[in-house]
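As structure tokens, one chain now follows by itself in the form predicted on its own.
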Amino acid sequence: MIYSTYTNTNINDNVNKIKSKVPESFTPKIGLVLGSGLGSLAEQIQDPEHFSFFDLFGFGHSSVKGHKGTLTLGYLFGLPVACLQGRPHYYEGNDDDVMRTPIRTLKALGCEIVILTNAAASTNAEVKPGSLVLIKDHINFSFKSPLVGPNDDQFGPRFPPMDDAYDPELRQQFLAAANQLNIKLTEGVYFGVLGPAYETPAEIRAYTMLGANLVGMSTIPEVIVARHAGLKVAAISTVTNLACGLSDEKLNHDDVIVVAAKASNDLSRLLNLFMENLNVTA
């Protein structure tokens, strides 16, 4: 499909640039977005082809430590994938075009599923750092949406439904894989804030009353764009710290990266089995 608006000219250019460097027969089925400290998963991709965000139109920049800013295409656990190591964030000053373009590029490349990962704080002291939580729903408290502005009917409707934002079937497949691997995987509601400051104890108490199990500064914009474009979505948070007020430890992004990296082994095993099972049923 050829997209015609200004923003989608960028997407066409990205697709042409990417396809010129990968085998003609290669079409990614799954898009992966790796959050803080989780980029090492991309190192397992076979026959990789790398593209810096700086070399792609409209991808903006990811200046956060632990976000490499690279799109890698290749085979992961037997499936063709397009993997974003890092992501743009609103709090970095990126505009709506930048928040839309990476996910829409994955769609234009042929992806049918997007699996998002992030580092998040837990509002439950029983769900400790190092835990994996499957996102079942979200609350967008950033008060921003990448769909603001004229709707692009070539991607999706003006008012996309979000009742099934996190695909129920994919969630069941992840839960089954976790059970098989004896990896504890709970489900929770992700509460998205703008950032970049960490939350206050009073804010965390308020968010918890509103139904938050996890708090973070990413992911929701990508979910909105993906669902608007008809992509199926699954998302997993790596709990890197207890939310402010639940622990005496001071929040620090370096610690977030360390904990996320330690938890990446379980996440890798989980993704491996999930994608193996997906490959069998494809």
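Start at 1 and count along the sequence shown; that's the residue number. Note that the coordinates shown come from a computational prediction; the quantities given were computed from them, not determined experimentally.
A second form of this protein, the form predicted in complex with a small molecule, is not displayed here; the remarks below concern that form.
Asker: In the model of the complex, does each of Ala121, Glu199 and Val215 have a heavy atom within 4.5 Å of the small molecule?
Answerer: Yes, because Ala121, Glu199 and Val215 each have a heavy atom that approaches the small molecule to within 4.5 Å in the model of the complex.
Asker: Quick one: is Val256 in contact with the small molecule in the model of the complex, heavy atoms, 4.5 Å cut-off?
Answerer: Contact with the small molecule, yes.
Asker: When the contact criterion is heavy atoms within 4.5 Å, does Ser237 count as touching the small molecule in the model of the complex?
Answerer: It does not: once the small molecule is placed as it appears in the model of the complex, Ser237 has no heavy atom within 4.5 Å of it.
Asker: Heavy atom to heavy atom, is Thr70 within 4.5 Å of the small molecule in the model of the complex?
Answerer: Although the small molecule is absent here, Thr70 would stay clear of it in the model of the complex, with no heavy atoms inside 4.5 Å.
Asker: Looking at the partner-bound form in the model of the complex, is Thr219 within 4.5 Å of the small molecule by any heavy atom?
Answerer: Thr219 lies outside the contact set for the small molecule.
Asker: Just to confirm the contact call: exactly one of 50 to 58, 220 to 228, 23 to 31, 239 to 247 touches the small molecule in the model of the complex at a 4.5 Å heavy atom cutoff, so which is it?
Answerer: Answer to the contact question: 239 to 247.
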